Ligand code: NDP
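Only one chain is included here, represented as structure tokens and corresponding to the form predicted on its own.
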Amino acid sequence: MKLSGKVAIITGGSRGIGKATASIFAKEGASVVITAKDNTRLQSAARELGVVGFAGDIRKNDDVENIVKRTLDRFGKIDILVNNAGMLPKVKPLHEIPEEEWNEVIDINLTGQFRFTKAVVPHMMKNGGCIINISSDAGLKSFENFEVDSYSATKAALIHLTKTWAIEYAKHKIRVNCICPGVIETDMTEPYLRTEADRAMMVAEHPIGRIGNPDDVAKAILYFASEDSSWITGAILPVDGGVTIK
């Protein structure tokens, strides 16, 4: 039970990587709070996993602070934050991106992570803690025919913020690390995997020879959340089947 006695908040926890992480955290003994905007889907996932679901919009500071307060009221502390929530806009070149869409992606994928981290850090400063940011391999390198500039910008920024926060809060025994997944089979990537040709092309991009699944990432998140990585902070870990080494 690697997380026995720990309390974790996982944003975007009702599906995909967040849901897989909540499942493995609960099995490892953590008290888990998952968050999402869609309360119906959130509560269904919470019941399925045996965890707590607090609904809220990562774009609204009041919602973020309310989730943190309810977690503290319920469990008395917060040991782990997984900044997983995010969105992937439709592929289009820069000159076709409406400013409203650009701002929405920044708000959800970057400012939302800022809001949650800002809300939990004062409580972690008392006894230490662990923050895991979920970025992307698109934050590490550019990919031809993957024109999602706002998404790539937020993921690159989150990588650098991981290093900034790691240095800033190391003296408070707060570790901050980052995972950069490749293509993971989730609702978010489903539009890119609809045909056998699409799937074959995606598989061919990964030297390991397959697309990732949510558990591949969840196991890496567990490593950073547990004492197995107690001497690691500011690390950026690609979990991408080898894409970024090409």
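Don't overthink the numbering: it's just position in the shown sequence, from 1. In this text the structure is predicted, and so the values were computed from the model without any measurement.
What follows is about the form predicted in complex with the ligand, which we do not show.
Interface residue remark: D57 is counted as part of the site for the ligand in the model of the complex, having a heavy atom within 4.5 Å. The ligand in the model of the complex comes within 4.5 Å of a heavy atom belonging to A36. At a distance threshold of 4.5 angstroms between non-hydrogen atoms, K155 is in contact with the ligand in the model of the complex.
Although the partner is absent from this view, G53 stays clear of the ligand in the model of the complex, with no non-hydrogen atom inside 4.5 angstroms. Listed stretches are 91-99, 135-143, 164-172, 122-130; the contact stretch with the ligand in the model of the complex is 135-143, by a heavy atom cutoff of 4.5 Å.
Checking R41, R70, R199, K27 against the ligand in the model of the complex, a heavy atom within 4.5 Å turns up for just one residue: R41. Of the listed positions (A46, I184, C178, A220), a single one reaches within 4.5 angstroms of the ligand by any non-hydrogen atom in the model of the complex, namely I184.
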